[in-house]
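Here's a solo chain for you in structure tokens, the form predicted alone.
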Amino acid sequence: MSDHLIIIGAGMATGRAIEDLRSAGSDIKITLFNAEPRGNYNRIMLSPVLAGDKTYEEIVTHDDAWYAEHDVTCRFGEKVDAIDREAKTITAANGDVLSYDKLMFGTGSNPFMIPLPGHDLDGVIAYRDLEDTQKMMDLGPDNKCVVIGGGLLGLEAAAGMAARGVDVTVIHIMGHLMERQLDEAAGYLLRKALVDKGITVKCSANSKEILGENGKVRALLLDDGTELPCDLLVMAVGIRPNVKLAQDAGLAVGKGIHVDDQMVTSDPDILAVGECVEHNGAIFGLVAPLYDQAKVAAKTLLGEDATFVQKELSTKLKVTGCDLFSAGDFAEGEGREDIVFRDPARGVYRRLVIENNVIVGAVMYGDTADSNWFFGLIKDKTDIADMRETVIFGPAFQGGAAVDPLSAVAALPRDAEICGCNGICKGEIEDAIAAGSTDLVGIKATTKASASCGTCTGLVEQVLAVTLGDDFVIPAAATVCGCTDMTHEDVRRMIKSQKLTSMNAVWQECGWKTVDGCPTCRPALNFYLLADWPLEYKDDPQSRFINERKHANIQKDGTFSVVPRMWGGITTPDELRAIADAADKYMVPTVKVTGGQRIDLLGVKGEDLPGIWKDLNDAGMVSGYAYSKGLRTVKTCVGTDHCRFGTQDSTGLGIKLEKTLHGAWTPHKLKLGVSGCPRNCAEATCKDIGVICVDSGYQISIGGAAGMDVKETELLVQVPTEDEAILVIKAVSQLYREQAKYLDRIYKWMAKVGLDWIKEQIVDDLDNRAALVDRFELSQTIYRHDPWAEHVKKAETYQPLANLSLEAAE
């Protein structure tokens, strides 16, 4: 094998090629250039990073240690300017000239930017790399963003930003979303689901011009005259292979860099892999063929026989919470027929396109659990004549009745594809299990199945279960953090059963591996001890997040927001005058009305916090706890005071609830709503706890959410009086506080314990309800107070530290 391999581009394809070379025992000298200032990361997981489900560190594939361990010389943040094929050298941007024996292109692709007027304005970006993702993450909630492009990438960008509270509008030139992967019916369902998430979708819309102000984007103008204001505009309209360097070097280039079946370009010493290549007229954007190319390129470099074969591909949509799958050709045509299954109540749609008793295309929405099975039928061109009547229901129904899902997995052939990203079949996983990989971690390490987008993880575990039988161990529950092997539930049981009333006692009795815990476990332990031992345990401010330590939300520029409490959303002219005076006095740049019926003063300097708190205290206002893992707001409508439809005094009940729950710490933030009638103007049915007033009393429901997840509350109980409603809500709050895992909202806790169990504790067992209320009140004797008033007394601690170096110089 040759001596020196230079690789241009540290993407997923070249990263996999390096892995394959080193795992085959190759000791070839490798130098890796990358224009980005970093190495290989899982680019398809940028969407979960944008949505806040993962961090960049979690999607890094190869870190510095990996490159050092595998003897790869990294030149990150450096471009290659030129290639001299005669001399077999490359010239780096800094002028260095390096010789190579073999060269590999992995230059990827460039995002296509529509040359609309204004496309070069500040605030107009593509969605391609970590820098683009960071710009979207920096936008912040309540700003406006327009996404041009209703394809996979554009929708992932839109969903990710919507999850962060951004007002997002998607513009798509075609009649329905993802028209290349979905038929019109599935596209309609997808659009409806996105609209339900608060995303505005405009199909058949044509962009005309990007409007700016002072060099920055301010709106998108459509050709029908519609103007869509925006603070950021994202173009996600496709990619183009990055071929310029190859073109300048004189390689054969079409849409991409031409390669043969061995991934060799028109120069026998230069290979290419990834999105920059063109193979038999096709270019590539999904990860599965890229990994196949990497495998073939590595074997070619090793002198082994290998051939790249284009395969049938499927698409799964991530991030948006909508399960979508499409594969094959689902266009209508002569001799083709459809089998369609619709279940509107469950939001499920399946369509199979059949030609000569063979499935040639499939589109699925809402339930994609059987997608691998259908994909296998398409790839294998299986004759479905014998199961035509039941095939639409999936593998579990073949034979006439539903069977154990594991039986369906057991029935899959060895060449059934399990991991589409890495092209791993069931047989490869079975072989890995036989070789000693008996858990998911082992399968990921040996086969890479489930190691990319992760959507096949459940299927991989089912293959493990089928193959290992009773020897398969269900993955253990996650521990609190690396400081302990115990789960949150184990630690809570120990705190209660052993009456552990301090962190030191917990660390000692639970065998903590670290001396003082870590930033992950300390806030959780602090909460558990507060919840279980309100009299014995003293709150530890150093174990709280900065917002809770500062009693204000820190903003991205280091200033803070201040939100005074407005009981039940009611305020007075005197309070408004005091807020206005405080905003003027402390030069607050932004005053905003929140969705929780309060006023947010944004941009307050840290050293001004005690002063503004005192002024607001003097006007009779207290902290709104807008930063806390505790009660935030009780949103109300005007009820019987003003509304002709109101059945009860919803405002009065909201004020009583807010004054009762004020200061209560809970596992996560707690939001309530009280609506005076079933018209639900206070949106009570998407709150953690909601009350709908009716003529005969109060319907109390729990488990709503309107953030990254959207959930409707479920009815807990209806009670006849206001007093009983307050008791039930106190009991629910205490039960949630005593039982839930730290950072679980009520809906997540409810999913674990079940609504029926909660009803048993509060509705059926009245003695238990009374005991919960007593414990809630006991805790509130300690924590129902105003932290602002306390911190005003130690205002000096909020002043900035002196510039000691300047004082010393003076």
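Residue indices: 1-based, along the sequence shown. Computed from a predicted structure; not experimentally measured.
Omitted from view is the form predicted in complex with a small molecule, to which the following refers.
In short, of 185-193, 717-725, 536-544, 149-157 it is 149-157 that has heavy atoms within 4.5 Å of the small molecule in the predicted complex. Put simply, of G704, P564, G568, G108 only one has a heavy atom within 4.5 Å of the small molecule in the predicted complex, and it is G108. Taking a 4.5 Å heavy atom cutoff to the small molecule in the predicted complex, the contact residue among I758, L772, L46, I746 is L46. At a distance threshold of 4.5 angstroms between non-hydrogen atoms, G285 is in contact with the small molecule in the predicted complex. Shown alone here, Q597 lies farther than 4.5 Å from the small molecule in the predicted complex, counting heavy atoms only. Using a 4.5 Å cutoff between non-hydrogen atoms, D167 does not count as a contact of the small molecule in the predicted complex.
Contact between V60 and the small molecule in the predicted complex is not found at the 4.5 Å heavy atom cutoff.
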